[in-house]
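Form predicted alone, single chain, as structure tokens, below.
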Amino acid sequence: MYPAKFDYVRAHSIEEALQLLSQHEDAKLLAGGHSLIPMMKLRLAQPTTVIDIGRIDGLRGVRRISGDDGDTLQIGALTTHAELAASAELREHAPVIAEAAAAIGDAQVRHRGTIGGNIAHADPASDLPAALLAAGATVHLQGPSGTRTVPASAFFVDLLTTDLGMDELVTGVEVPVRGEGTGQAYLKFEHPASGYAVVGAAAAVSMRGGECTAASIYLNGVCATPLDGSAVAAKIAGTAADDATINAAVAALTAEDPLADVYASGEYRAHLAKVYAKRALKAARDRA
């Protein structure tokens, strides 16, 4: 498999990358390459120009920032999955993201693939989208008109489609530091060959005095965008979040138009979604 012919240029700053995007029609940004290059080799993507942003300074790493509304973790768009999985800050304050990153592909993919490239590609079987939603993340974008932020809940629009403009790039992700008494978990049933999520469940549960004060559950791999289990979470909040309550709440989880392929039917994915939603919610509760 060979890609169609294209020009290659390297950007050394965000401003240069945006300028190159405006100058080249049908251009694509290259970060780690593990989403774009396979698409190009299959000729599902045929950019006329590839703009390499992989060496732009300041777009890598995890930093804790203090603010008036509480502390957050700032994650640079070029931070690799391996760096996410190894981050002590993420493991302590947003473990659902670290666990999801650790579950991505294999070692080669984790050491080259980036969080920015991953979410910009928006593969429904990717591990990070649901994890970002469960963590309450915000995506930072920059374009010719300046910077803007988009809640992760509004960023993923459809199959391989996001709110990212053609003239914009992802600069980072911001995640609130989880509060005391909040547990998070990411569990997945992976495709044995590719490692992609047939179903991946990201959960967060907050407990205080033996009562669940808040919960969230999102699932990768089931639908074109992460499956939102807000209705399930609402039934758990205000209860003791015991196994029976979680089981009963998840029983009502429904997936409209679940994905189907040669490996897993839509019906099978919908069944697995309930199985892994229960497991992830219970794991998050036990960690709260």
Partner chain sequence: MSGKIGSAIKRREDPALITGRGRYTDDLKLPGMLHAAIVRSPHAHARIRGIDIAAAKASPGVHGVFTAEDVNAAGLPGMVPVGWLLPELKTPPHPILASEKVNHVGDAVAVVVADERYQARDAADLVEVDYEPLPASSNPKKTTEGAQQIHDEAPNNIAFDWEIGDRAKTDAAFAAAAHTVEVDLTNNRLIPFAIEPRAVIADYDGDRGAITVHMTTQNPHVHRLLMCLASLGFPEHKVRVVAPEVGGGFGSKIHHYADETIVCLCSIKLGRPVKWTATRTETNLTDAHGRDHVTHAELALDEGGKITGLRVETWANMGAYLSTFAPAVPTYLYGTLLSGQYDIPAIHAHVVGTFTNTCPVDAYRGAGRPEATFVVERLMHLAGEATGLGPAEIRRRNFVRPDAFPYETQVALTYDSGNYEPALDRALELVGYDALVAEQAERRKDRTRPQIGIGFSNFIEACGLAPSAVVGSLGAQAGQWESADVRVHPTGTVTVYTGSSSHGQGHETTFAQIVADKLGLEVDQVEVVHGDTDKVQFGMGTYGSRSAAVGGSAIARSVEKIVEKSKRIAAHLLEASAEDIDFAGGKFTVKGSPESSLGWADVTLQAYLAHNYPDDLEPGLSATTFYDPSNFTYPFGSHICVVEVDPETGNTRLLQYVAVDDVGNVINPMIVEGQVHGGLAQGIGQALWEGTAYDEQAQLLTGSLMDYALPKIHNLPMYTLDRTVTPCPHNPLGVKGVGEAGAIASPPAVVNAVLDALQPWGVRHLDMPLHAEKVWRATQA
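Note that the rigid core is defined as the largest set of C-alphas that superpose within 1.5 Å between two forms. Residue numbers count along the first chain shown, from 1. On a predicted model such as this, the values are computed, not experimentally measured, just so you know.
Here the subject shifts to the form predicted together with its partner chain, a form of this protein not shown in this document.
Which one of R148, H191, R91, R208 is close to its partner chain in the model of the complex, taking close to mean a heavy atom within 4.5 Å? The option sitting close enough to the partner is H191.
Any chance A244 has a heavy atom within 4.5 Å of its partner chain in the model of the complex? Flag for A244 set to no.
Spell out, yes or no, whether the shortest heavy atom distance between K278 and its partner chain in the model of the complex is within 4.5 Å. Yes, contact at 4.5 Å.
Does its partner chain get within 4.5 angstroms of any non-hydrogen atom of L20 in the model of the complex? Answer no; every heavy atom of L20 is more than 4.5 Å from its partner chain in the model of the complex.
Can you tell me whether S13 touches its partner chain? I mean in the model of the complex, with a 4.5 angstroms heavy atom cut-off. It does not: once its partner chain is placed as it appears in the model of the complex, S13 has no heavy atom within 4.5 Å of it.
Pick from 200-208, 158-166, 182-190, 91-99: which stretch has non-hydrogen atoms within 4.5 Å of its partner chain in the model of the complex? Among the candidates, contact is made by 182-190.
Mind listing which residues of 258-288 have a heavy atom within 4.5 Å of its partner chain in the model of the complex? Contacts from 258-288: V262, Y263, A264, S265, E267, Y268, H271, L272, V275, Y276, K278, R279.
Given a superposition on the rigid core, I'd like a yes or no on whether R43 shifts its C-alpha by 2 Å or more between this form and the one not shown. Comparing the forms between this form and the one not shown, which are aligned on their rigid core, R43 does shift its C-alpha by 2 Å or more.
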